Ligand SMILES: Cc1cc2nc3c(=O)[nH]c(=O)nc-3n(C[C@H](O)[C@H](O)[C@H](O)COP(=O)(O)O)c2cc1C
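First comes one chain, alone, set out as structure tokens in the form predicted alone.
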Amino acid sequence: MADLSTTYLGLKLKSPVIAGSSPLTDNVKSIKKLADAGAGAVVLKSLFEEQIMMDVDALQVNNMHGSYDDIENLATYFTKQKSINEYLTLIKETKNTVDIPVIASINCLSPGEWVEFAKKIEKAGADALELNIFLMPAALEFTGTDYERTYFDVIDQVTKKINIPIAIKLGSYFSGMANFLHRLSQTGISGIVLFNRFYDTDIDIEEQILTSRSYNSHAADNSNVLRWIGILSPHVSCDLAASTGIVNGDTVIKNLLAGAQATQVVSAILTHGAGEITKMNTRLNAWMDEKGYSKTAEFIGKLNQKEVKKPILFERTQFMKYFSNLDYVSPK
């Protein structure tokens, strides 16, 4: 039987399949099922910066009897503490229940007060911290450099507070992706997770309202992740993890070949249950046996841009040359 273990963020994982942040990772009972199914690690459901601040703001807005500074400050304190303490309790209870690495997660928009949470998360026993950062570059007055500066500011503040490994989970809205992520990898972080899964904007033409498409990802959604894992893995100074479109054992294998140290699965287990992790590990093991690999380190990155015979294929974006040599038949 092949050795499926890998190293991610300096942590030893028994499998490269990580249960990503989701509603299934917000309680100990569900997390234990994921661990029993063979997850190499678990990312706890994110603690949202804006959610905490929204709770606080709501208390202040709902105070219709004038300003009572002492009372408002007290209410603010306890509201924050409730959200934080519940999360810290989840970390502690999870660590006492499972024997796999527990990665805490904060969904943040800016440096600021929430950074203090990181130290408490470390003290609660989290093995690592994943910072889920995304700023939609939609403000006309901000340049790409302005947005990038926020990411570096967040990382700078958090790395000064804690000693546990830090991973940054990002979207793909960067004009100079390779340059930016290369610079990020040199800040002292231990990993980068590519990419965030966003709600896709849609429009209901009957009701004439904005809506959103399904949250679940599909194998086809992994293409952009695979491309950038392959391009970046030879050049960054930290580990890479693949997220979005990790739906079966084959997608796990593809991303490892491209250079990912680990993969994060969410949609598959939300749809089909924790048993999907077992299926992924079984497929990975069978494939490794078939190809003669005894451990994952023997093939991780084997097909990244540095290693393949035609590295330019990772950068090809146009279909014109391909379709010009085919008698294209429209699908019925």
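No experiment lies behind these values; they were computed from the predicted model shown. Residue positions are given as counts along the sequence shown, with the first one as 1.
The protein also exists as the form predicted together with this ligand; that form is not presented, and the subsequent description refers to it.
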Quiz prompt | Single option in Asn281, Thr296, Ser267, Gln305 placed near this ligand in the model of the complex, where near means a heavy atom within 4.5 Å | solution = Ser267
Quiz item: Ok, Thr251, Gln261, Thr94, Ser105: which has a heavy atom sitting within 4.5 Å of this ligand in the model of the complex?
Solution: Ser105
Quiz prompt | Segment assignment from 115 to 123, 215 to 223, 228 to 236, 151 to 159: heavy atom within 4.5 Å of this ligand in the model of the complex | solution = 215 to 223
Quiz prompt | this ligand contact at Gly20 in the model of the complex, heavy atom, 4.5 Å | solution = yes
Quiz item: Should Thr187 be classed as touching this ligand in the model of the complex when contacts are defined as heavy atoms within 4.5 Å?
Solution: no
Quiz prompt | Interface membership of Asn255, this ligand in the model of the complex, 4.5 Å heavy atom rule | solution = no
Quiz item: Do Ser110 and this ligand come within 4.5 Å of each other in the model of the complex, heavy atoms counted?
Solution: no
Quiz item: Does this ligand come within 4.5 Å of a heavy atom in each of Ser5, Lys33 and Pro101 in the model of the complex?
Solution: no
Self-check item: this ligand in the model of the complex - contacting residues of 165 to 186, heavy atom within 4.5 Å
Solution: Lys169
